[in-house]
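Take a look at this single chain in structure tokens; it is the form predicted alone.
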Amino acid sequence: MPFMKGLAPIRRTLQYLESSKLVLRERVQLVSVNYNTHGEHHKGVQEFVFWHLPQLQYKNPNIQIATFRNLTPTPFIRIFLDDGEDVLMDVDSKSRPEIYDHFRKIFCKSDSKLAQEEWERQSRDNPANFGWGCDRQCICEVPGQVPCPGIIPLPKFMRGKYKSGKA
């Protein structure tokens, strides 16, 4: 498999990309990451970009993400919001988990919001769902399906006790 070559090929697997919880809020328009490729105080943001930027891009396809290398003496992440405001996050001398936790807490949707959106998408999108809380209460409401046996009895050849000859 050609995609499993290179440095840390796990980053390009679909399972790894989908496992992230870095789903940005609706207000975020652009994410700018500024860091240097040398220096010990840039190490955390380098690892954050290496491990979490592909997940961030996968989970937020409509958000522009820019990385600027070797242009600034101190590393920082700048987020531009839809009302023209920008938020600056200082990541100088922070580790990758610290940056991830802070970024997720400030700019990403919470776990409860993600679970609620997932449930809404699951239950609303699939027309095959029926029962309590769905668009249809019973499968018999779908055109072309067998009517409810409670309203119209099934023909005898479709019933189990007549099919097996026990009636």
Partner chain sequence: MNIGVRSNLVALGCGARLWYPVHEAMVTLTGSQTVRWIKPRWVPVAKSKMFRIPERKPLPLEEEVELRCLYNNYYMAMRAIRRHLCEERLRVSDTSELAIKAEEEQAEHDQLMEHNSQENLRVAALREARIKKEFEADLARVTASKEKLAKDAEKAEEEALRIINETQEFVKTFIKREDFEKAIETALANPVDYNFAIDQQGNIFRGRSTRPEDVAEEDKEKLLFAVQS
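Numbering follows the first chain given and starts at 1. Computed from a predicted model, the values in this text were never measured in an experiment.
As for the form predicted in complex with its partner chain, it is not shown, yet the points below apply to it.
In plain terms, the part of the chain that comes close to its partner chain in the predicted complex, with a heavy atom within 4.5 Å, is 100-108 out of 100-108, 63-71, 126-134, 49-57.
Though the partner is left out of this view, residue 25 does reach within 4.5 Å of its partner chain in the predicted complex, counting heavy atoms only.
The shortest heavy atom separation between residue 163 and its partner chain in the predicted complex is within 4.5 Å. Within 4.5 Å of some heavy atom of its partner chain in the predicted complex lies at least one heavy atom of residue 41. Residues from 81-106 that approach its partner chain in the predicted complex with a non-hydrogen atom closer than or equal to 4.5 Å are 81, 85, 87, 88, 89, 90, 92, 93, 94, 98, 102, 105, 106, in the order they occur in the chain.
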